[in-house]
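Next up: just one chain, as structure tokens, the form predicted alone.
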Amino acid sequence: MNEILVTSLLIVALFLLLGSGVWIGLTLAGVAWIGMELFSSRPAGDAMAITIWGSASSWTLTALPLFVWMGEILFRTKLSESMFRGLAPWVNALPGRLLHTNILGSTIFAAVSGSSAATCATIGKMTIPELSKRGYPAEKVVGSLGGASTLGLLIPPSIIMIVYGVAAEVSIAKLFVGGVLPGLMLAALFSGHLMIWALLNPAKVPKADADMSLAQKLAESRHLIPVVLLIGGVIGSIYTGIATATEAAAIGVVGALILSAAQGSLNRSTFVASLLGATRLYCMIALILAGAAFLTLSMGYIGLPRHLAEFVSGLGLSPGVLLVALALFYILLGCFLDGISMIVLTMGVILPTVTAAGIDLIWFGIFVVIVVEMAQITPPVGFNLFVLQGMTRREITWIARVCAPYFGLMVLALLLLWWFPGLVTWLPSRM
């Protein structure tokens, strides 16, 4: 009973602080301080200082600002234009035609970005004007972009996987590799949905562009070479064991700078803008992580994770029922918090329960990332919905509705991962 009262008090404090507009990182630290000061004998001040310093000085976390910077550099290059030119000739023959550029473009950019918002903004700037001009239905253009851009979280390198890896103390390199096959599977499900829709509604699909010969298609594909090389350099160095995730992030930054210089878009202003943009984003993430680390310590002293794990274990839930409950919990939480906050806020409580249920933590990491992807397109706090609203000036409810089919496809993906866990675990086991 005491644990329920303590938990209720901390939850009320959390939502009061969040509702009053306090930054998420400071809110987490504030709730942790309240909990430690009121319900434990450990002095809160020195515990907070030691924990925040420890979380900020983590070598593993060094990969995060580097991948953020890499995405910022590429965001300011001509990469999007080159990708469209390289992809368009190959998708004209598919049902749905150029709508697949949203799927393929997001899949490719996700492999060099790590952020769903950056993927959505970059690919959207390229495809929305082009597809609208050619007469493709707005609901399919925006919906496929909103769904596919969430792949920025799943296909490595992924910022949120780094956050989970640090919180769960599992190999970030194995998480990255574990996300490859599920990411490609989701992209295939998204494209399959577009094909079925196009076959059922042929009148809504504009006519194909002029046919190109194989030689012309290959000539246009040369625009994809730089990004393919960058993806190969980052993921290949991790998979072969040549580099750790942090070292691969440094390779990605150097590669992005070279790519940007080769395209003629690297100058003093773009370099400074990318550096400042990455610094702002990382500082926000680092503050959240520091607050979450202190909250985890505080809950450990109070004993909430242990009591919760004992409670859930006492319910006797099977791993399958537990995962369904956690999926519903994260989807609900995603209506109010962004993905990184969801991960860092809950891992200290959830992981002991998941470990006790015998669920593989690499597999669970991919499971959580897909659920967080679903939260990116659920109102009221779906980050991708906000990005799309800014680009299209449409109502957020309309955007959420056209993205809804992709939410359903992610549910299907979770079921497939449960039935075939090797989709996640096979590649990491071969490293």
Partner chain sequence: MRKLLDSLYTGSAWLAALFMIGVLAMVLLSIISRVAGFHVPGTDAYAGYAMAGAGFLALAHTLKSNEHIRVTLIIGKLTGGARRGMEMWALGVATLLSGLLAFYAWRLAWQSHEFHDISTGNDATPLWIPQILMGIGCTVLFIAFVDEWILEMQGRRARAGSDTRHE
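Numbering follows the first chain given and starts at 1. In this text, the rigid core denotes the largest set of C-alpha atoms whose superposition between the two forms falls within 1.5 Å. Given the structure is predicted, the values throughout are model-derived calculations rather than measurements.
From this point on, the text means the form predicted in complex with its partner chain, which you will not see here.
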| property | result |
| --- | --- |
| is_contact(T244, its partner chain) in the predicted bound form, heavy atom dist at most 4.5 Å | yes |
| Partner proximity in the predicted bound form: V371 to its partner chain, non-hydrogen atom cutoff 4.5 Å | no |
| Touches its partner chain in the predicted bound form: R280 (any heavy atom, 4.5 Å) | yes |
| Its partner chain contact at W23 in the predicted bound form, heavy atom, 4.5 Å | yes |
| In the predicted bound form, the residue from R97, H193, K140, R76 that sits within 4.5 Å of its partner chain by heavy atoms | R76 |
| Residue among L328, L276, L199, A262 with a heavy atom within 4.5 Å of its partner chain in the predicted bound form | L276 |
| Output flag, A93, A187 and S429 jointly within 4.5 Å of its partner chain in the predicted bound form, heavy atom basis | no |
| Listed range touching its partner chain, judged in the predicted bound form by heavy atoms within 4.5 Å, from 178-186, 67-75, 215-223, 317-325 | 67-75 |
| Stretch 5-19 - residues with a heavy atom within 4.5 Å of its partner chain in the predicted bound form | L17, L18, G19 |
| Post core alignment: D360 C-alpha displaced by 2 Å or more between the shown form and the other one | no |
| C-alpha of L194 moved at least 2 Å between the shown form and the other one on rigid core | no |
| C-alpha of A404 off by 2 Å or more between the shown form and the other one on rigid core | no |
| Distance direction in the predicted bound form for the C-alpha atoms of I288 and V424, relative to the displayed form (3 angstroms or more) | farther |
| Cα-Cα shift for F67 and L145, closer or farther in the predicted bound form, minimum 3 Å | closer |
